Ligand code: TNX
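Only one chain comes next, encoded as structure tokens, the form predicted alone.
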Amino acid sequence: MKKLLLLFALLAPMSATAKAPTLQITPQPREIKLANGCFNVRGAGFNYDSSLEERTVNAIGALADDISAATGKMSSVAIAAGVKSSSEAAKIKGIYFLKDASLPEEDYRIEIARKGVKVTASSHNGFFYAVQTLRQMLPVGVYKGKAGGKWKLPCGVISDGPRFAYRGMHLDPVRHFWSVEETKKYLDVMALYKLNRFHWHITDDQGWRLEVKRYPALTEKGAFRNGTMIGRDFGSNDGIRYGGYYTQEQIREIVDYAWERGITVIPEVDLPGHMQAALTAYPHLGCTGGPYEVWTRWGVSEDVLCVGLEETFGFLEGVLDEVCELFPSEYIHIGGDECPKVRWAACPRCQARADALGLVSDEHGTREQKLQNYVTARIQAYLADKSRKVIGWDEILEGELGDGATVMSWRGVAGGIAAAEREMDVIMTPNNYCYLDYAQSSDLESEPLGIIRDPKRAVTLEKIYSYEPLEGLSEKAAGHILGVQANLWTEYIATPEHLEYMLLPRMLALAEVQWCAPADRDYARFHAALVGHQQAILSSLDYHFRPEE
């Protein structure tokens, strides 16, 4: 009877349409085959292939340490001496982490028998995700090294890997600033649920958060604003000086921290609009010459960089030089969204630039729209010389782009579909499914102050789970969808508790959209795992979240 109860506790509740038993793991693994029996992890030795990266060994060691602390029985960690294959490891007791170059990058396989466990992968990320899966299969105490529960793994085989290579989450530290430790906590929960891209929106009208040695005034003047609007009253100001920025040392610390957890940090320097903080520091780079002030309210400023001034491009290149030194990411996000053209239309230098380029207004766009396309193409070419690719919001589709530009579709899905049909790479992040600053319930009175007022626009847990990124795409175009990302803008989010509340548990639904094939997604199964296990994990790690019942 006790064995039956143990098995029942380990298995997640299943919907009537579920094809096979599943464990309470999020995101749901691609394939789970359970067998009779269990492996006791108390005191089990952890053994790893000598070819594994140091960061992989660190992740394995952290799991062993937490199990040791929780069970009171030491788990050793050592190189798997003399073991050259997984078949040899099967004959030895313990938990073995062995490289298998035949597995796709980020895939992993866990084989659990009564006497031992084999974990195979071909990359750090694969092994790291296997560790996260093992953690979720153990009592919640494993996350804080606390005793309690049955320290056994059910026998069977888990074969797993992601649907999309790009699985992103975005954070805005401009409207409200998040410390290094708060940012690390954000990365921690991303890593737990196997997200691998952190889109960091570090510049905007309301503050410049990136230290640039060549342009010190960006942080001396542009990182602080003289107050913040109160609630939804755009004419108000609380009068409290607000701001902050990340030193280059802190940026490297965060980039390294993310890398240890299999996450690539993609910085965003939004251009040529959303630049009022930069213009406050260097007013001569604007069309009017200023004076400017770091914006104290939300919205979109009409003051943008003067692109008729050649010095503007020297400034952008100087900033991007240091960005490329700080961030090893293949991609640099250059924004390109919400750039008003009224200053350019009235600026003699911008108009002279448009004349020199032979730009005319026609059915394909205005002179000023084409001028922005010139800026995008020029910056794209500059970054290409540094072996970097650009990502831009879907407004960059308004003109011709060079090969290699990636579109981030935010104004619904239409822009992403259009770009993919043009054989451009796309990251889907439609606001109607993936904007986590939107309320989580249509009962807006029960939710904190947020950016939307229409209850029909709420992004509920079930709604984000229902999103299918390839819907409406031809088979050929579907191959250009790199992945999915959710965005968390922070105009109305001022505290870490509020930030986590808006993020969780919706990010878990996002994780399954990113990771699982449509056939493997089942909201009833997901919700049962959330209520039955994942919320306990989040609580143990001191995250604030909107509870589900």
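Since we're looking at a predicted model, the values are computed, not measured. The first residue of the shown sequence is 1; numbering continues from there.
Absent from the display: the form predicted in complex with the named molecule. The rest refers to it.
- Segments offered: 497-505, 518-526, 483-491, 31-39. Contacting the named molecule in the predicted bound form at heavy atom distances within 4.5 Å is 483-491.
- The named molecule is not drawn, but in the predicted bound form it has no heavy atom within 4.5 Å of Arg167.
- The named molecule is not drawn, but in the predicted bound form it has no heavy atom within 4.5 Å of Val180.
- In the predicted bound form, at least one heavy atom of Asp437 sits within 4.5 Å of a heavy atom of the named molecule.
- In the predicted bound form, the named molecule sits within 4.5 Å of a heavy atom of Glu338.
- Taken together, the three residues His274, Trp393 and Trp410 all lie with some non-hydrogen atom within 4.5 angstroms of the named molecule in the predicted bound form.
- Think of it this way: in the predicted bound form, the named molecule has a heavy atom of just one of Ile451, Ala458, Ala217, Cys324 within 4.5 Å, and the residue is Ile451.
- Listed residues Arg343, Arg225, His124, Arg175 were compared with the named molecule in the predicted bound form; Arg175 is the one with a heavy atom within 4.5 Å.
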